[in-house]
Structures are given as C-alpha cells and as structure tokens.
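Same protein, same chain, two forms; see structure 1 and structure 2 below, as structure tokens.
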Structure 1
Amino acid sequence: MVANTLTIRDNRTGREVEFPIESGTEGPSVVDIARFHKEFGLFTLDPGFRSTASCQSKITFIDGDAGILLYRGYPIEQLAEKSNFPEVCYLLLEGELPNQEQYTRFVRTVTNHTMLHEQILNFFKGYRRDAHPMAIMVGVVGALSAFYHDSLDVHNPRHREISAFRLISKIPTIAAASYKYSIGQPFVYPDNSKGYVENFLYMLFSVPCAKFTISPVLVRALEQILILHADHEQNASTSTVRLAGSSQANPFAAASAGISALWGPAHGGANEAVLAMLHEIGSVERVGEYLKRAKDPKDTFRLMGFGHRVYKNYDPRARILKQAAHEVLAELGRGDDPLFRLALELERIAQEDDYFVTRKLYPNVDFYSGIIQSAIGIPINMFTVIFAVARMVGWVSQWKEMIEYGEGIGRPRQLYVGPARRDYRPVAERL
C-alpha cells in the first residue's frame, strides 16, 4: 500500500521527482526506486544491500534493535517452546499453522520421501574419505535434479510442491550419509517409525551391530536448534537461493547454491569458530586475558559468538539455546562441563564490560549451538551441515514465494571503476 511519497531533488538540474513510500506489516517503510534510473539516469549504490529491500516477503521478520524474530508473525520463543520442527516447516511453507488433519498429512508425506534413490548413494563413493561433509552436500543436493526430473517445471504448482517435500525430507538423509561416509561407517537407511529429528539422529549415530537409543532431551535440543535456524529473512544464503532461482533454475540447483553460500565462515561456519575459540581460551582463568585481546585493535583475536549483523540486542535464539544447553549437559551428567562454564563466564563478564555493552555485543545463536551439538556427539565439521538441514525449509519457502510472486530474474547493477574504453594493440606494439 502506498502511504506517501519521498521527493528527491537532482541538484544538477533542479528537477524534483516523487517516489512512493511503501509500508509493510512490520519494520521500516521502503522507498520504491524502480524508476530512479529512468528519471535521473543514475543508479543507487548500496554495497552488500544493507539498506536495500531486495524483495517483498511474508515469511520472516526481524527487529534487530528489539531482539525480535517472527516466523509468519509467530514469535520464535513460542515456536521453540511449544511447537516442533515439522509443524514449523508447514508454517513456513504454507503461511499458517496446520490443523490436526493437515499436520498428519504433512508429516506422512515428508516421511514417505526420506529415502534416497539407491544410485545416489554411489555418488558418495566418488569423494575422498576426508572430504568436508559440506562439499559432499553441495554436490549431492545439486545432483538430485538428475534423479527427480519429473518435478522440475518451476511454473507447475504441483512440481514445486513435490520438489519442496523431496528437499525437506531427503536433506537429513543426505547429511547423515555425508557423515557416515567420512568416518567409514555404513549408510543407515531412514526409519520412518521415528519422528523427523529422532530419525536424523538415528541415521547419524546408529550402527548395525548395536541397538540405538537416545534421550528425548537430546532430541528436543536438536529440534530447537532446527527450529531456530529454519529461516532468517534475506541473509546471504537465502538471497543466493532466491537469485539463483530467479533464473528459473531448478530448486535442487538453487538449494545447492544456498548450501555453498552457507558454507562460508562468515555465515554458517560461525558456531565452529565459537567452539574453536573456547578451546583456545581453555579455562575460566584466562577469560580476562582474552577479553583484553579482543579489545585491542592490533590483536588478531576476535570474540566469536558475540554481536550480529542484524541483532543490536540479545539474540532471542541465544536465550533459548542457553537454557537448552543447561538441560542437555544435565541430562548427560556434564553440568560442570568446563567449556560450558567457560562460555557462561565469558558471557557474564562481556555483558558487564563497557566495551562490549556500548557496542551491543550480545551473545548470538552460534554461541550456544556449538556447545549443544558437541555435547550430543556431533563433530565440528558437521555443524554447518546441521545448519543446512534446518535452513532447507526456509530456502524452499523463500524460493517458492519468489516464483509465485513472479519477481523475474535478479539483475543487480554496479558502479564500474575499471579502465576506460581503449583499443586493442598487437603484442609487438605493447611496451
């Protein structure tokens, strides 16, 4: 809805043009500058798109200053406490929470798609055993289009629906197989009598020679991690999925592009960096030393897991995982875990230190998620894979929305700063 306008004056010519200001349900309004180039012969420059809305979306809203995260209008705290991951998947995909019949049907459909085509398992054998699981994920997810080419028409609503189910259902199976291959254990087929999260842990950790059991506390903690990571507005990987999908690339290729973007240490690899930092600090006694180093601009040490590009308040997801970490470690009889005690002390001191308080460097979701995953038994090189499993539903929901809105192919512009026009000279004439 156009609420009012913004008048922009070109001081070169004195010409003034009005641009509509559009308001959303929540958050800042935006100026529609689609006619900017036509009116002024100029482009806008916004490196990293930090002040540019790249799309309209009804899926996720973040208020970083207030520490608010909403999925389809529902506070993340309520969903993490009261919901489960399949229900959140339905919410993100469909826009509303399901009734009992819709939920039962959705879970049944997701469950029926957990198996991989048997030939896909041969793909894993082409990788080195020491390949990073994310490298395997990029290749295998992209290759799904070679096996499920019966649902690649992005303009067909039924095809989009089938592809969405396949990606959400098969990503835990692919992730678990990536891990099993890397440690030389046999692949574990899904057990569709188990719930989504328990089945994922079963495929990760069970072996044919022993009975598999796992505490519901650990299942619930991982479920909360998946819920909290399911979507997060137009971040780097989500924007990548939407941009790749805007070319009408098939959803498996777009999802693979998202996994590639997520793999970067500045995005999905942050929780790995937190755990590495805690190991480097080593003990509570050394917290002061490392906080001093973090403040020194000449020191290369950085305090990982504090601060966020979006949140300028306490990350609401971190509060939930802090409690989950307590519960997991208590369940495992590791309530005095030195890494967790170190993390708590680091958080306490940082929140009392003016340097961190004035810069609003609060703990973010990565600060505790790595501790929980490590306690469950998930190795560090699988942390980003877990993130990809969680975020797949967000990517699919954003891709689906982008297609249904008919946004057209993405085509950012640039400020060219290279050489001016010049003529080719034969090599003999070049100095």
Structure 2
Amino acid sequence: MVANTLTIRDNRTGREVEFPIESGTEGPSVVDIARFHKEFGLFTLDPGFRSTASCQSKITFIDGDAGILLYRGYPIEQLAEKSNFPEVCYLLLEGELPNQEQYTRFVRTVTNHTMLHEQILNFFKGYRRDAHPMAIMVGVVGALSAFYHDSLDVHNPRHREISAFRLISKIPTIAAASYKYSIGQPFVYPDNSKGYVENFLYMLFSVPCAKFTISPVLVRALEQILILHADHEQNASTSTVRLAGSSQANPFAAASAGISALWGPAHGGANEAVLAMLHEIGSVERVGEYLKRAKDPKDTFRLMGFGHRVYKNYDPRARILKQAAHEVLAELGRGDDPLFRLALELERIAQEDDYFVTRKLYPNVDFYSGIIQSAIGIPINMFTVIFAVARMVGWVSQWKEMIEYGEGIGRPRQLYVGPARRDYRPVAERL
C-alpha cells in the first residue's frame, strides 16, 4: 500500500523526510508542510500563493480548469436560478439550506437589524461629497466596532452570531447611505416590509418626493449578482479578512480590511474598470487596438474582466451574468445596448486570439456584471460597493470558520534579500 506521503530530499545533506498528504472532498490534495522548517531549517517561498493552501474550508469549492463553483456543495448555476440571497446567506453561514422555519427566523433577524445607530450617520458628513463610496464603506464599516461593544468577544459564539447578523443586515444600509451622501440626496431608512434586495434598491433610489417602484426583473437581476458574488474561496479580500481576524481583531475591523482589499482593480475593482475600459474603447473598430495593448508586456493595459488566478476556463458566474444581461436589457427595451454589443464583440474576438486562448484567459465575474448594474441604474463608482455588499456574507462565513477552527494568528515568513548586518556610521562619515 503506497503511503499517502510526499518524501522531500535535501540534496545538500541527503536528508529525506516524509510529509503527510491530506485529501479533501473535491479538488487537489495538499501536502502538510507545517513541520518543514523544523525538519529542514528552510522556508517555502510562494509569493502569489499559486501553490499554497492557506487553510481548510467547508464553504466554497472552485475547480478552475472545469469552471465549477459550489457553495457548500450546491452548484452556483442552481443557486442563481432557484435560490434567493437571504437563503444563500444562511447556506454559507450555517452549511445547509434552511427549512421553512429556519428561513423565516433568519430573514426576520436580518430584517430587524437593517437600521444604523443614528450617530453613525454623522460619519458620512465627515467625507467630501465626491469621496469614492468604497472609501466611505471602509471607514464606516470599521467604525461599527465603536458602536457595538456588546458583541466584540470573538471567542463567544453568541457574539460571533450577533456580529454576523449586524454586518449582513447593515451593509446594504451603509452602501446605500454612501451613495446618497455622494449625490447629495437624503438618506433613506430601510423599509422592513421589503425583501433584502428590494429594500437595498429602495434605499439606493427612492426619494422623499416620489413613490418608489422598480421592475421585479431588475430586483431579480441584482439578487443574482449578489448570489454570484457572495463567496469565492480564498480570494485576496477573503484571505485579508481571515488574516486580520486571526489576530482576534473584531469582525467589523476584519470586514473593513476585506473591503480595502476588494477595492483594487485587479480584484473587486475590476467591474468598475471594465465599464471604464468599454467606454474608452468606444467602438468595435477600436477593439483590435486595445487587444494589441493588452498583449504588449510593456503596456500596463490589461483586458479588464478577463483572466483569473484560478479559473482557466469560462468563469461560471460570467456565463450566468452574460445571460442575465441579455434578459435585463431586453426587459428594458435596450437589447441593442451599444456597451453590451461591444462587450460581446470584445469577448468573441479575444476568444479567437491565440494570446488569450493559449493563456486560458476567459471573461470573469466582472466582465458582464457592470453592464447589468448600469442597466439597473447603479452608477459605475458603486459597482465595487455592490460586490462588497454581496461578499460580506462570504467574509463573515470564512471569518467564523477560521475562528472556530482555532488556527491562531497567521504569520508568514520571508526570504530576506536585504543588506547583511552592518554598523551605524555618523553622518559625517557618510559620502
């Protein structure tokens, strides 16, 4: 019987050590190298974590080569079609789909925590009106710990549960307030007679002087966007939340760190960058010029919304969003939307180009989501905010799992390549 181990030999000394290979439910097995430094006095080096698993998790599974995404074992295609966002939140947090009683209780609790402490509204007034809503979100979410002293003990399961509900319930209210502040309109308090997604759109778009109505097609489109963005294994922002939370920082501080990491255009900021790119390209005639730039290693331009560290196949979320874009635009009588047409043509041409084909660069979740959000009426600078609203439940679920696993503080090491030890010299002796 072949031992389930990996033998590593240091050829400098001839020393060989066996390390255990652990297998999960799906996907690649891992070699447990926790003893590696103790056995060899060496560190492993993997700056982009391309070959490194940072934890074990039961929440989300991605098969990048096959283009598979599962939340607690359920295919994302089925959840996007048949489920709703509160139910997906319950699934990610608790690990199972809720029965009717569990679902009703969960929705009631989430609904009853949507309001913000009235003092929190003062935070917004400290920002310039033209502040990016993500800058506001980072600040306000981090400041929540200044208001909820009663639930900051990360080792107390009840505190973790209360904080989870507060973050999931209040993030739409904070996001909507960030938007209202940036356009100079009054904040809209949540209306708890509305569902989670409709309430979010209500807080975003209603005004005191008009009756609020919105097409159920648009509500459903945003709900699908939230479902598709809810979690995604150990991406940059989730890893940030785990690392920040591993120091036993409170969950509001850890969530704020996640929002900061998500903001980057290489990550959650890509959806905003896709729309800016499509506007800059402007017409199908200019696609060739931009693809040439995207392929030029000396040009920093990247085809935003394309490529992925894990997916080397079509991102299953992009496939769903592409279809949803067709449906939303048709519902709005904008089936010939020029930006959508340009995106479709850009994808078609790129998918026939050897550079993208050989590098397995496909549209990712960000490529079509902005087109749908624009059609709903969400401004470009709110796209990443929407991503943060969706991903909050993923961050909280992963944070909770990390605390419950009791992994302790995350503290990577390094390969030091700086100056060797040297003595201080007075300035008079420096050239």
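Here, rigid core means the biggest group of C-alpha atoms that superpose within 1.5 Å across both forms. Counting starts at 1 and follows the sequence of structure 1. Quick caveat: nothing in here was measured; it's all calculated off a predicted structure.
Peer 1: Between the two structures, is it 1 or 2 that corresponds to the form predicted in complex with s-citryldethia Coenzyme A (SDX)?
Peer 2: The form predicted in complex with s-citryldethia Coenzyme A (SDX) is shown as structure 2.
Peer 1: Can a Cα shift of no less than 2 Å be assigned to Arg302 between structures 1 and 2, given superposition on the rigid core?
Peer 2: Yes, Arg302 moves 2 Å or more.
Peer 1: By the 2 angstroms cut-off, has the C-alpha of Ser247 moved between structures 1 and 2 once the rigid core is superposed?
Peer 2: Shift of 2 Å or more: no.
Peer 1: Relative to the superposed rigid core, does Phe147 relocate between structures 1 and 2 - that is, does its Cα move 2 Å or more?
Peer 2: Moves: no, less than 2 Å.
Peer 1: Relative to the superposed core, what is the Cα shift for Glu289 between structures 1 and 2, in Å?
Peer 2: After core superposition, the C-alpha of Glu289 moves 4.5 Å between structures 1 and 2.
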